[in-house]
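As structure tokens, one chain now follows by itself in the form predicted on its own.
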Amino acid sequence: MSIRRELFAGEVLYRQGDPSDCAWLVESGQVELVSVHGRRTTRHGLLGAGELLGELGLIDGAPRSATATARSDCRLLAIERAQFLERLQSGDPILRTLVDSLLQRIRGLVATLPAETALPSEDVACDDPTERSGIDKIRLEAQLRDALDAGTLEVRYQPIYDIAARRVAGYEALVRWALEGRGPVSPAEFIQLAEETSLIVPVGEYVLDRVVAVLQALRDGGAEPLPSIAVNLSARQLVEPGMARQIVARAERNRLPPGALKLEVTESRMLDYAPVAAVMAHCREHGLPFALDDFGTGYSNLTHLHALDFEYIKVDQAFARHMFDSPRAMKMVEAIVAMAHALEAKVICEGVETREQLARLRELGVEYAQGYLIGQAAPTGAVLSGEAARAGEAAAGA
């Protein structure tokens, strides 16, 4: 959970000698750092918006080297030590070694200085683009934590069309986030941010809870047959201890029929096959099928299909969109479809934008289509009312 703190002018944030349990990012106002060594008082200057306080202590937990006092009304954001250490431990071992070595050297040099030496502040303003990018990322991570706590992430649902049955058979759940003053945040940006931290787990649980609620509402409203809804999971989420049991428990606690909740795994070079296969087997035993998402791009690896048993393979949108202007793209779609069917997996083709593309997929025996022709990601209300399904079926010519 992110921690924000507001100070009035003259209020102390922390005192010299206090334990270093977190660093602080100044969001507004000014904070002055002052240290006392014997009879000598040293003022290290004012730190303003976008600057950090207490980052050295964040690394090694050493006591505060100065007292931080607000010189105007301030708002600050805490960077907790556990949050920082998680990032450090997940980084390159060489980087961790260098950081530890540099920190020990700095502390050692400070310890050898005469007591009356004026010590520089450990917090220095910097306009370096890389550092500014890091600070922006810290702020965005805190805002994402706040969005989870406040429930302001939105889950939308993109229709998936059953080509043979000529109806919308299900949806893919897609999480969206808009920030006041900034607007929509790219899913690629905040999902990557979540995957770099432990936030990917609560984000996944957040989406699961809302998807289950929608399925319950559809069932209670008499939807027949009940559409399926697919939820995206990262490799990290899949192998998180207890995650599989939590997913199964949600489905069983809410009495969802087999296949109503589907799980999509994005291709990743980080897939650890043994634990992922065990998780998939456990979920499958409880009626939760799996799809391999975005096949053909990214870390496309045929070992995924050899080592893991997917019920569905999703052809990445890059191929369907260019089927008629690139003979090679058409051949790739044909080859992927043939391979998937040989493995007894059903095919979902993303990026379908025209009826001509849909007709060609029907000729190839592709089971499902997804894309702007069928419909963009729709809000919950459009799914519950059936509007999203009706619009998709009309656009597809059903």
Ligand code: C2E
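All values derive from a computational prediction rather than experimental measurement. For every residue, the number given is its place in the sequence shown, counted from 1.
Omitted from view is the form predicted together with the named molecule, to which the following refers.
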In the model of the complex, which of the listed residues (334, 55, 353, 27) lies with a heavy atom within 4.5 Å of the named molecule? 353
Of the options 229, 160, 233, 74, which one has a non-hydrogen atom that comes within 4.5 Å of the named molecule in the model of the complex? 233
Heavy atoms within 4.5 Å of the named molecule in the model of the complex: does residue 215 have any? no
Please run the contact check for residue 188 against the named molecule in the model of the complex: heavy atoms, 4.5 angstroms, yes or no? yes
How about residue 250 - does it come within 4.5 Å of the named molecule in the model of the complex, if we only consider non-hydrogen atoms? no
Any chance residue 141 has a heavy atom within 4.5 Å of the named molecule in the model of the complex? no
Looking at 241-249, 284-292, 141-149, 171-179, which one sits within 4.5 Å of the named molecule in the model of the complex if you count heavy atoms only? 171-179
In the model of the complex: members of 360-377 within 4.5 Å of the named molecule, any heavy atom: 371, 372
